[in-house]
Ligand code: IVH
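Just one chain is shown here, as structure tokens, and it is the form predicted alone.
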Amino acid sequence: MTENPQQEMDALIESLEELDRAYYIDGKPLVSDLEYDRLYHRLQQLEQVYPKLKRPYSPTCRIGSDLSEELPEVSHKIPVLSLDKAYSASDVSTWMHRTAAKAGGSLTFIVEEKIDGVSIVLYYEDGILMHAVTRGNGYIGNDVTGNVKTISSVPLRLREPVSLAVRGELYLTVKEFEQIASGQDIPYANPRNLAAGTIRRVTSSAVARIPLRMFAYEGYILGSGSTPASHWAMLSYLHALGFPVNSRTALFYPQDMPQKAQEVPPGWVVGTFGDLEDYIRRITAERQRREYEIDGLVVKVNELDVRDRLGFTGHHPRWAVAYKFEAPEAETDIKEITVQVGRTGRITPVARVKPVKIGGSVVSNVTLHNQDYIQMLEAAPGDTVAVSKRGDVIPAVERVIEKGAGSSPYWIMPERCPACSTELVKRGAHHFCPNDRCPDKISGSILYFIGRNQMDIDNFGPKTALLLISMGALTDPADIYRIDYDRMLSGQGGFGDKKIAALKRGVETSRKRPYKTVLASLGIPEVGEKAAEMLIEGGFTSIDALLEASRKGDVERLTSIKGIGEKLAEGITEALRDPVMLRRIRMLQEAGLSFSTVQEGIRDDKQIFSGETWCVTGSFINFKPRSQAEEEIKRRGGKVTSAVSGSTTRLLSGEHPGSKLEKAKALGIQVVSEEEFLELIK
């Protein structure tokens, strides 16, 4: 068929990559569709005859596969956090000046369109796309590599053999969405919904039929290469590597830095800080004329070294802010106002409104925040109100349009808790139920403790918890480790011997969760996984150290930790003085849960994996979820990576390991079985 098939296939790949870049990135097609198809079909033909010679970055990967694929979880190598929000141009301007003052010098800022799509992180090793991961919770996402490979604007191989992570936004144009939706009964209200549903499909061939696109907006060098000095330079570098970058981007600089106007790529908008508000007004007016939907603008510090100094909070980077366009509104009527009791006892009033469609979704419940907010609105049942989706996500009542026929000018918070009839108390702007035995507070704290992002107890779901609560057996998270499940659940509908045994195994396994997970599950306000990690890294390696600081009211010690603000520090100290919380901690300690890093074996003489990099793949008998195995490695000084590469030291392989096992063997990496791993960590 050909004397040197590999050489011909590589030449065809290079030609098709160049044609793809010209068409999808530069918007300048170089050949006719007929000629492109001829080259493409020739490559397909060769790959069918010589399947072992097919490259993993071949353009034919874009057709996808009909094989069903799981969406495994992958840990992110870079911070993938949310953005702080601003809702007016003046708020953005204030934030810019405040950030420049914190940095101690003159700064420039980049303004980008906030595409209303789906966030994706692309990981490249030596220039080859290895993983495409959804944002997930910011720390762990789903691997959707096979699906993303079908998107023509995503490069499968870069122009340089660089290792980097790229953040981007997947989207669908309005016109293409309307064409797909026309005459079809699809369950998606807008382009973003369809894009999000598409990228999580289990067959990549189905994804290939949806014309998704991507813009890259952040790059992080992971290897030994040098990082550009500025964000605009990084965007230029990404474009040179083959990524589509949105040309509708602007740079704003202080009045005393006019030379900055000469440094940006051609086509960008350039102006001083004083021009910013006019720019935001113009983009807001033009947004409806875009071929894609945007829901705001993102303003970022341009200087990358300054970003490193500013750092992050537990929620967002301090060097960026999202300006959100005025949220879409709709009119509806308040049918009634009820209250919800949270796990901390906080009472939140909720308006039950006549269902109304806003921004592509139907809203029937709207938060009213607190009594002060209601009085400001003068809102009551029967009123006609304007409802918006703040940040295009959270439904809120904006104002009363017309008062109803009720006698009261506004709704008044009940004096007693709807769950336990205890008299409510007001702290600041909010009302609270002070009763430690309030059933809603109890169930809330228990459901939080067993949640997927907390203790994640196998076979112990909300239904089981609520059943045990209703039986009076479960009154605090610590009771989970004291209940006689055979006695309580035998004979209950749906609970046979096997199900009870599986539940007991899940409870026993959860006793081994690391201190970080236990601390994040206690229910301390605003202390989740990230805050727990910051506390431990800041020196609070045991619950005793935290309790001592709380007993002394040492807020200053807590706020000295990067990312812990005064409000969070005060909340921690208050929570750890609460008798109910202290009793919970004591009972969980008696149950054998980990409340210190030393308890987990983090000592110098046990850092047996120091200097090693592990990859974990497959499913395990003793580590469910498999992140438990990763924690064991980290506790003993090792690093964990989500992909096998030349720097990987060992591969921990369970059942159904997939392609990672084959790659590890090809690279000569030591493969460790679950049994061998258990021996190592004894």
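Throughout, we count residues from 1 along the sequence that is shown. Because the structure is predicted, anything quoted here is derived from the model rather than measured.
Although it is not shown, the form predicted together with this ligand is what the next lines describe.
Figure note: of the listed segments 434-442, 82-90, 460-468, 559-567, the one touching this ligand in the predicted bound form, with heavy atoms no more than 4.5 Å away, is 82-90.
Checking 374, 591, 298, 180 for any heavy atom within 4.5 Å of this ligand in the predicted bound form turns up a single hit: 298. Distance criterion of 4.5 Å from any heavy atom to this ligand in the predicted bound form singles out 135 from the list 346, 530, 135, 513. Although the partner is absent here, residue 217 lies within 4.5 Å of this ligand in the predicted bound form, judged by heavy atoms. Taking the partner from the other structure, this ligand in the predicted bound form has a heavy atom within 4.5 Å of a heavy atom of residue 167. In the predicted bound form, this ligand lies farther than 4.5 Å from every heavy atom of residue 157. In the predicted bound form, at least one heavy atom of residue 114 sits within 4.5 Å of a heavy atom of this ligand.
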